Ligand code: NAI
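For reference, the chain that follows is the form predicted alone, supplied as structure tokens.
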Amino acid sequence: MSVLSVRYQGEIAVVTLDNPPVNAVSEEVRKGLVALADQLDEDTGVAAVVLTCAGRTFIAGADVREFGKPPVGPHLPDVVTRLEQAKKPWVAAIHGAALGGGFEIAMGCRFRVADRSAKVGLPEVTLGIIPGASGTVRTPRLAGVEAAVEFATSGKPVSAHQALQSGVIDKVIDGELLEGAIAFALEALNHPLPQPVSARPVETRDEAFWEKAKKQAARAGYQAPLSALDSIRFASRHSFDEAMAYERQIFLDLRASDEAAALRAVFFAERAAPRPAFVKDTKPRPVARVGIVGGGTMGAGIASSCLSAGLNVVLIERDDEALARGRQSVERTFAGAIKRGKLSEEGKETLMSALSGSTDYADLGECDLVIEAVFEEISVKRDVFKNLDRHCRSDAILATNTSYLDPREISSALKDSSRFLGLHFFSPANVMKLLEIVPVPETADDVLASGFALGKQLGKVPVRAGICEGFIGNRILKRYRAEAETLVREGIAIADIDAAMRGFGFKMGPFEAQDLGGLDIAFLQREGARAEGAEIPETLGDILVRSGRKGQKSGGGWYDYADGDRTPRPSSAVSDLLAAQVTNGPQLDPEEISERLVRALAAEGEVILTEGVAHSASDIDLVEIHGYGFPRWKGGPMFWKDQRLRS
């Protein structure tokens, strides 16, 4: 059965694409569109063509099954050109999303209409490439250079309303889309047809505009946004055909780059994360009402995330004062979203109406899932779960948000551990996308599946982690920090190490990040383990904390901080404190420093894989990217290591 079909409504031919799940631009689609353009041009009964799509979306981009494979004709630029040159004008009727190649096909049509919920965009830079079928050439001719730069360098889609304002669509349809698109086509036939997009002029912009745009594009940290900007600039100064050739060459060069390979790998890993093979055939338990025990920073963040996902939340605290603080924290989160234009006041009120609070565990009786988010102390957590065991439904899922403690010891407070698992959120929980899911041996399959379903509903990247100290992420972080301290002991300057990791793509180096979070957190964990008899060597961080240097909050950690200023400054006091620990070894350049540290990440990842703590190398990469700031265009430490071995 063909993915393309035609039916006729008077003199309007309606072409429907049905290529589930997202109507991707496959080889069959490309061939079919060219063939239909030829066929309908010769049909004397057809005056115009409406292109629509079945299912939940318009053409949402390239067929991911063709990623990394040699291209097969007809190539997408030729398809777009063929639609633009059709004797009978085509009208793209957009619902859902028209992204990448789908948006380029729409720009090849003489007209574009959309329903109010539609979005359009050019997300190619997020895959390390640029639009390759006129996205950087037609967009400035349709919407102007400034709008084209935003489309192509940010990769962010825009709403139908924004698309109409920028000029990339001609009308927003109220009511039934296809009916409105046919009416639009009939009306358009009563007027002279507009010039094809390829024939329209492009505005010129001065050098100051391009310099500002270049600085903005460079913030992404990798090449594709800068290349997209370069292609738009070329298109603004050259003929359409020259610009198309230039865009295509950049597209092909980037498609073969290491960055594109890394970003493709991350794309596929993220796509698979919410439904891994080991839960694919298991039906999760329904979750509509969530209880959260603990309204501190983490608990309030989890509550905000759940509310934003449409869940009802019951917040439990020890007293009314703590409960009020927890509610205020949630309100502050939503108030911030209003300031950023992400939420309306009415939307905030709707979300807050789904939040209730109590100091009585009995009010959790109707919850489908309860997440404990209290202080990281085993006895406190066990007491919580004893209360949950008494007051929650027997089929309710019970979860702990522990970062380091053994979930098996926490679940021992329950009569039935099959309904228990770890859900390790990362702070701030309403922002950070990583969710480590940590089952205990008794965890039921449908409970595990429910954890992944929750992660998807919350917009998180869920990753299964086995039980060990720190699970996947914090265990690797410990190795990373230890290797960074080893470099300091070898005489490498703290500031040079941080600068090398920023140069690699991290937003912060290891010592800057510790100062921000506080050195005392890891110190107290080590001290607790030492108090229980563990032999843990003294770290350089321990020396600093014992001298009162806990990070930014104390005015000094690895760096000094002036009053009210968070700018890190190299510290002579730190040099004096650590002098006895430092030897003068060979100096390393920034690339050698970053390679040492990333290899340490990958080496610990290999051990974790061998032990079965991580299910796959790509899971480790997702943890590092979404929990610890590893640059996604490097693919994660495991992908990076494999790429180095291949090169």
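Please read these numbers as outputs of a predicted model, since none were measured by experiment. All residue numbers are counted from 1 along the displayed sequence.
Below, we turn to the form predicted together with the named molecule, even though it does not appear here.
Among Ala228, Ala399, Ile472, Ile316, which has at least one heavy atom within 4.5 Å of the named molecule in the model of the complex?
Of the candidates Ala228, Ala399, Ile472, Ile316, Ile316 is the one lying within 4.5 Å of the named molecule in the model of the complex.
Let me know the one among Lys460, His424, Arg419, Arg464 whose heavy atoms come within 4.5 Å of the named molecule in the model of the complex, would you?
Only one option qualifies, and that one is His424.
Ser403, heavy atom within 4.5 angstroms of the named molecule in the model of the complex
Judged by the heavy-atom cut-off of 4.5 Å, Ser403 is in contact with the named molecule in the model of the complex.
Would you please decide whether Gly299 lies within 4.5 angstroms of the named molecule in the model of the complex, comparing each non-hydrogen atom pair?
So Gly299 counts as contacting the named molecule.
Proximity of Phe375 to the named molecule in the model of the complex, heavy atoms at 4.5 Å
Looking in the model of the complex, residue contacts with the named molecule include Phe375, since a heavy atom lies within 4.5 Å.
Does at least one non-hydrogen atom of Tyr361 fall within 4.5 angstroms of the named molecule in the model of the complex?
The answer is yes: Tyr361 has a heavy atom within 4.5 Å of the named molecule.
Out of 317-325, 199-207, 443-451, 504-512, where are the residues with a heavy atom within 4.5 Å of the named molecule in the model of the complex?
That would be 317-325.
Within 376-398, which residues come within 4.5 Å of the named molecule in the model of the complex, counting heavy atoms only?
Residues within 4.5 Å: Glu376, Val380, Lys381, Val384.
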